[in-house]
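Single chain ahead, written as structure tokens, the form predicted on its own.
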Amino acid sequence: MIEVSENKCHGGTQGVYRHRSRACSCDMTFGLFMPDPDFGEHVPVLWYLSGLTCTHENAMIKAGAQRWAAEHGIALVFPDTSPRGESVPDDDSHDLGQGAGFYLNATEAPWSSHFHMWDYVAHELNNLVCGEFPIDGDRQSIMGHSMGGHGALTLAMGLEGRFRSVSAFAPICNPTASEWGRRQLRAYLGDDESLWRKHDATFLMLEKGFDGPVLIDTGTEDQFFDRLGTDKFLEAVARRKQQVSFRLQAGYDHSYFFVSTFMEEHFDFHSEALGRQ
């Protein structure tokens, strides 16, 4: 692991690091905020998964999350959204290929050689940050925005017992029926739509649910609202009788102006869950 940069931030340290990923067969870069050491030797960790076209840097700079992570004494991980590099396959569109990993393990060529973001986030990067930094791997929560909200929900429900809480900003939550999903799932996983279900939060909610608190915010002026599948996800929530705090935020769109506005409340939400012994 190589240190790219470290900066003092809200009493803690905002670092950027690079390492060779076995899961993605390329170099990967991630951001990690560590709070003031006075909070103790091993602090809980919150994962932030970003959306389409983003790198590790977008939320790290725009979300204003470090302030609240510092206040609560929580480590904050910003993974990249896909493998990258000249040898990594790509597509001319913004929603497939580099910057659009969809937090799954691709099985179809040419993507299967590098696009294993599920394994990368769930296992490889988790083991790295918990092994190299003073983090309590038994106290983890996860959040995300848009495609990252999709990843947060599917990882939370797919990795039973890993995360104590999950939240999302404007998540893609029914990709098997969405313009932001069907093309990508077919490219990465093939034509058998039964294989797509484990990467669709709506189906996961029906089949598994989540054993913990869930918070979702979506703006009423979100310009991509029709692609999110919010109505189908909420139908699944009702059918399962899953406790979810879902809030439609009047006048807000899909941007980081929206995300940063409600970041403090999401940290309050996760802090309560992570503080449980």
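Here the structure is a predicted model, which is why all the values come from computation and not from measurement. Numbers for residues come from their place in the sequence shown, where the first is 1.
Just so you know, the form predicted together with another copy of the chain exists too; it's not on screen, but the next bit is about it.
Between the options A70, L52, M60, V244, the residue in contact with another copy of the chain in the predicted complex by a heavy atom within 4.5 angstroms is V244.
Only one of the listed residues (D211, D36, D27, D231) places a non-hydrogen atom within 4.5 angstroms of another copy of the chain in the predicted complex, and that residue is D231.
Contact with another copy of the chain in the predicted complex, judged as any non-hydrogen atom within 4.5 angstroms, is confined among 27 to 35, 43 to 51, 61 to 69, 244 to 252 to 244 to 252.
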